[in-house]
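Single chain ahead, written as structure tokens, the form predicted alone.
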Amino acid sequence: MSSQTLRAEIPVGELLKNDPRNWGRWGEEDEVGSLNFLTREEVLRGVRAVSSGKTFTLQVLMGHPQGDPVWPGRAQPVRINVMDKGHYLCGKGVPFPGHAEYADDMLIMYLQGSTQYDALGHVWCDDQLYNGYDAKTTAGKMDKASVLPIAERGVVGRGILIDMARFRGKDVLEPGETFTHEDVMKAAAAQGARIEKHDILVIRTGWIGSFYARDKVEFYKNFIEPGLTYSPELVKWFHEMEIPNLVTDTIANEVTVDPVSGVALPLHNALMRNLGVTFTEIASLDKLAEDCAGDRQYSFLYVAAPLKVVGGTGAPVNPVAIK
């Protein structure tokens, strides 16, 4: 996005000044936020959603030949072979007793360059992260509210898919197309499903799936994704429903620029910073959605654990939905 696109009429902290916060709710040292709602009882509630044993992995491919969907400005993941049969054919392979050979490679990427969890301290305003931690703690690495506590805890609970694209009769929502929590509830009702307190909310827009079928220049042109849009009512709903985790098939989990305030990504502060809702972005949801539409079961056991990166602003993850 250009700097002009990011210019807003109102500071995000001012926009959100009357919204609820969960700071201190789980103690002054808490770094996992609303994941605290996922107690042992919630894990068992998720297990009870399993009926067929069907599994769906929700990570996009890494190092796809056509490129990977990443936030504009972030470099593409680069996979490099460092050892393969070619080395042995050239006499440069590493020899082993018994003449075994092997291949090895490495991947250079942004930690948020694939399906991933944001650290709760990834985005902030007014020099404070989630739970009131000083933004200076991000210098060099994240000493507070990094992705590591999320990774060490893991995320397990009852997930529910809301297929917003299918609800609106589309394969994919349009760039900048918005929806509210009320739309989410209407879509759930149309599916014959009900969003319950402490559910892991999984929303499909079709956006990431469309990346592989469209021209990349067109995909990124005047970049603005579809998604949830900010309102005090939406934040109140997330707060009252005690949603622990928001998962979407978009790169940023919300419409890129709020159409009313002009603020970029306000829900990152309203939900993640203020309420401690964990964000899972760039999820691959099309196969799961197709199956849910077929058997009309939209709830499942959701299991995820991002990589344990010390001080990381985020980390790749391959969530699993078990129906």
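So that there is no doubt, residue numbering starts at 1 and follows the sequence shown. This is a predicted model, so every value here is computed, not measured.
Unshown form predicted together with a small molecule; subsequent notes refer to it.
With a 4.5 Å cutoff on heavy atoms, Asp118 counts as touching the small molecule in the predicted bound form. The closest heavy atom approach of Arg158 to the small molecule in the predicted bound form falls outside 4.5 Å.
Using a 4.5 angstroms threshold between heavy atoms, Ala252 counts as touching the small molecule in the predicted bound form.
In the predicted bound form, none of the heavy atoms of Glu31 sits within 4.5 Å of a heavy atom of the small molecule.
Judged against the small molecule in the predicted bound form with a 4.5 angstroms heavy atom cut-off, the residues Arg74, Gln112 and His268 are in contact without exception.
Contact annotation: the small molecule lies within 4.5 Å of heavy atoms from the stretch 260-268 in the predicted bound form, the single such stretch among 260-268, 291-299, 34-42, 49-57.
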